[in-house]
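Starting off, we have a lone chain in the form predicted alone, written out as structure tokens.
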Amino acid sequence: MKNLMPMKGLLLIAGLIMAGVSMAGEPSADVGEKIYTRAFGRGCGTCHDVQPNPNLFESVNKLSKEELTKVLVEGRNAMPKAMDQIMNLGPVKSAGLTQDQAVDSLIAYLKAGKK
């Protein structure tokens, strides 16, 4: 019975580690908010909260994920390419997000609306 105690502890630690690994890289509205407020150092809202620029909180319901991703990767009209900026943000890096997950996080934030 004494020999089982260290094994239970090891199993508990392994479970906690696996839970942490499975949560890493998960898209979240919190990271999406950080993307929105920090991209290009001053945030997406610097341009997108001002007319006549598209309001992203409305645009997210009009564009497919593929269309939004294309705009972020390639830019459009006066909007510069943004994906490299997004992928280099600290919160995106520390969460270990892929490009797809970073876009999902931004979409989750935009769909939830401003806090």
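The model shown is predicted, which means the values in this text are computed figures rather than measured ones. When you see a residue number, it is the position in the sequence shown, counting from 1.
Absent from the display: the form predicted together with a small molecule. The rest refers to it.
Heavy atoms of residue 51 never reach within 4.5 Å of the small molecule in the predicted bound form, leaving it off the interface. Though the partner is left out of this view, residue 88 does not reach within 4.5 Å of the small molecule in the predicted bound form, counting heavy atoms only. The shortest heavy atom separation between residue 73 and the small molecule in the predicted bound form exceeds 4.5 Å. Although the partner is absent from this view, residue 39 contacts the small molecule in the predicted bound form, with a non-hydrogen atom inside 4.5 angstroms. For the three marked residues, 47, 56 and 63, a heavy atom of each sits within 4.5 Å of the small molecule in the predicted bound form.
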